[in-house]
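The form predicted on its own is given below as one chain in structure tokens.
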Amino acid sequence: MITVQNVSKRYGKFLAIDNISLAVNSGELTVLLGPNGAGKSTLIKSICGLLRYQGTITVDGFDNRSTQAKRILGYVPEMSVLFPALTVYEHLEFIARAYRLHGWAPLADELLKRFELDDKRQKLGKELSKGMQQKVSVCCALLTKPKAVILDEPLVGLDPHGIREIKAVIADLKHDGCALLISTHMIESMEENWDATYILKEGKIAAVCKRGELPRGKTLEDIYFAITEGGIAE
């Protein structure tokens, strides 16, 4: 569903991501792990078409910058940026109008209730806490019923209920065949459902881990720290 081939991104002379290739299949949860500065957010923004890059990225066979790709890709950024003068419900209406959705109101109501935002629908973006802004971003991303969803540090700033609901949504999306790519530094947060994990270090893929193929006696956490702290994973 999401295919990244030989993608690199420079900021001036600094090489943020270096010749990265990966694939995220339908019905799979793929995780990007790496310390701060490893290139996770740069890679995600490149996949979402927010940055210029070298290489090829497609979503369901379409160039990631095309209208066809954008219609089937949902994105939840690490730092939610809401319109300060729009209400919670108006953000959903904005997405519905931008994507020319029909019959979207029932799903919008369902999402607001699920994330305990139903009583906040008339609150302005500037009046919301960071956690509430994150929830609104998730609702906006899911309103289009995307076939692929990218979440950049989705659990940061959320309360326990929000974390539980995000995890439940991720499990539901995976069950329904959605392709999921999640960037996080919270290894334990995705340990229940991950299928593939790419560990990034200094802009490169340092290791690819598949569920069921870890070395005997090793956990994903063991491999991650062995790589990022300078050791060698056996």
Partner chain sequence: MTPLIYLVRKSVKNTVKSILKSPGKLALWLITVAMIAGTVVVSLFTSANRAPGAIAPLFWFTGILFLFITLFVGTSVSKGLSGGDTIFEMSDVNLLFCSPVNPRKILLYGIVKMAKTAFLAGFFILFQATSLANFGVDYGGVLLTFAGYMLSMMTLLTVSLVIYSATNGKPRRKLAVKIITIALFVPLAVFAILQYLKTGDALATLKSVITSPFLAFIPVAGWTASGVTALISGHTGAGFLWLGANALLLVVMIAYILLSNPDYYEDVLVATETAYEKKRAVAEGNINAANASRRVVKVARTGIPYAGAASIFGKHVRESFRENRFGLLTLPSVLIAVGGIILAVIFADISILLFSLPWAQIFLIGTGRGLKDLYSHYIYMIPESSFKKIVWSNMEIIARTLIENVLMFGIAGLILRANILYIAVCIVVYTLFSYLLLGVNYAIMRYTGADVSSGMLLLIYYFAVILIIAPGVALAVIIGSITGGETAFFLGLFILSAWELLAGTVCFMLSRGVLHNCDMAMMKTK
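Keep in mind the model is a prediction, meaning the values are calculated, not measured. Residue numbers count along the first chain shown, from 1.
Omitted from view is the form predicted together with its partner chain, to which the following refers.
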>> So its partner chain isn't shown here. In the predicted bound form, which residue out of 158, 86, 107, 117 has a non-hydrogen atom within 4.5 Å of it?
In response: 86
>> To verify the annotation, which of these, 151, 132, 73, 142, has a non-hydrogen atom within 4.5 Å of its partner chain in the predicted bound form?
In response: 73
>> When its partner chain is placed as it is in the predicted bound form, are 90, 100 and 126 each within 4.5 Å of it, taking any non-hydrogen atom of the residue?
In response: yes
> Should residue 95 be classed as touching its partner chain in the predicted bound form when contacts are defined as heavy atoms within 4.5 Å?
Replying inline: yes
>> My question is simply whether residue 77 lines the interface with its partner chain in the predicted bound form - judged by any non-hydrogen atom within 4.5 Å.
In response: yes
>> Can you tell me if residue 171 lies within 4.5 angstroms of its partner chain in the predicted bound form, counting non-hydrogen atoms only?
In response: no
> Can any non-hydrogen atom of residue 175 be found within 4.5 angstroms of its partner chain in the predicted bound form?
Replying inline: no
